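Just the one chain here, laid out as C-alpha cells, in the form predicted alone.
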Amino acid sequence: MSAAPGEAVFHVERLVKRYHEEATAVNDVSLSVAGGEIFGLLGANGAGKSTLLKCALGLVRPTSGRLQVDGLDVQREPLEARRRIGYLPEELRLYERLTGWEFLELVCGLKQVECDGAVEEEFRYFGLYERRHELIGEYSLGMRKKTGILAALVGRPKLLLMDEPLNGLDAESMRRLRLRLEARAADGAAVVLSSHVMGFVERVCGRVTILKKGVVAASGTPVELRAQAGLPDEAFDDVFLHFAL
C-alpha cells in the first residue's frame, strides 16, 4: 500500500551499517521524509550519506534497522521499492556508446514506463533536446549530469534521491533543477537532497539532517539549525561546519 499524502514516503528506523568491527558507516540513524517535502541530508565526506542512500536502494545491506519506501520494506520487497525511486548517484557513470535518447529509452524500459512526450519535454527543459541523438561519450560534464537527472526523474517516482546533483551544472541549470524539484514535491513526491552547496540547500530544503561520523549531529529546519549553532546571520556553510566537523 502506498503512503498517503503527507505521510512518510521515506522512513529510516535505527539504521546501522557496519563494514567490519572497527568501521561503522551509519550508526543508529532514524529519519522520515514526507510526500511534498524536500529534505537535506548533509555531512562531510565519509559521514555516511551515500551509504544511507545505497541502503535505501538495496545496493548495500544494512547490519540492522529498517528502511521503507512508499510503505514498502526495502529488505522484503527490494524490486518494487526500487521502482518507486529516482536516484542520481554522486559518481555518475553512463553508457558512453549510447545516445542520450537511447539511454533514457533504456531507463524507461527498466522502470517499465513509456518513453514518451514527457521524456521529450524534460530534454527540452534541461536544454538537451538538440543533442539527444548524440553519443553520451561526446557530452560535457554538465550534459552528463543533466542526463543523469533526467534518468532520475523518469516515471515520476515517489522518492527522489539526489546525491550531489549540482556538480557540473551552471547557474541556469541549477535554477531549472530547483524548480523541477519543487514541482515534483508539490505533486507529492519526497525529495532527499545531499549536497555541499549550502546556499542551495538552505533555499530549497524544509528540513535538514546533518550526519557526523555516521550519527545524527543535528536535525531541524535551516532556521532551527542556525539557532542551535548560535549563528543566525552567518553563511549556512558556517552552520553546517559547526555541526559536521
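Only a predicted model underlies this, so the values are computations on that prediction, with no experimental measurement involved. All residue numbers refer to positions in the sequence shown, first residue = 1.
The following text describes the form predicted in complex with ligand ATP, which does not appear among the structures shown.
Trainee: Quick one: is Glu164 in contact with ligand ATP in the model of the complex, heavy atoms, 4.5 Å cut-off?
Mentor: Judged by the heavy-atom cut-off of 4.5 Å, Glu164 is in contact with ligand ATP in the model of the complex.
Trainee: Does ligand ATP get within 4.5 angstroms of any non-hydrogen atom of Pro62 in the model of the complex?
Mentor: Looking in the model of the complex, residue contacts with ligand ATP do not include Pro62, since no heavy atom lies within 4.5 Å.
Trainee: Would His196 sit within 4.5 Å of ligand ATP in the model of the complex, counting heavy atoms only?
Mentor: Residue-level check for His196: yes, a contact with ligand ATP.
Trainee: Does ligand ATP come within 4.5 Å of any heavy atom of Glu134 in the model of the complex?
Mentor: Looking in the model of the complex, residue contacts with ligand ATP do not include Glu134, since no heavy atom lies within 4.5 Å.
Trainee: Based on heavy atom distances of at most 4.5 Å to ligand ATP in the model of the complex, which listed stretch, 28 to 36, 43 to 51, 180 to 188, 66 to 74, is the contact stretch?
Mentor: Stretch 43 to 51 is the one.
Trainee: Heavy atom within 4.5 Å of ligand ATP in the model of the complex: which of Glu172, Asp116, Glu96, Glu90?
Mentor: Contact residue from the list: Glu90.
Trainee: Considering only 15 to 34, what residues come within 4.5 Å of ligand ATP in the model of the complex, judged by heavy atoms?
Mentor: Heavy-atom contacts to ligand ATP in the model of the complex: Tyr19, His20, Ala25.
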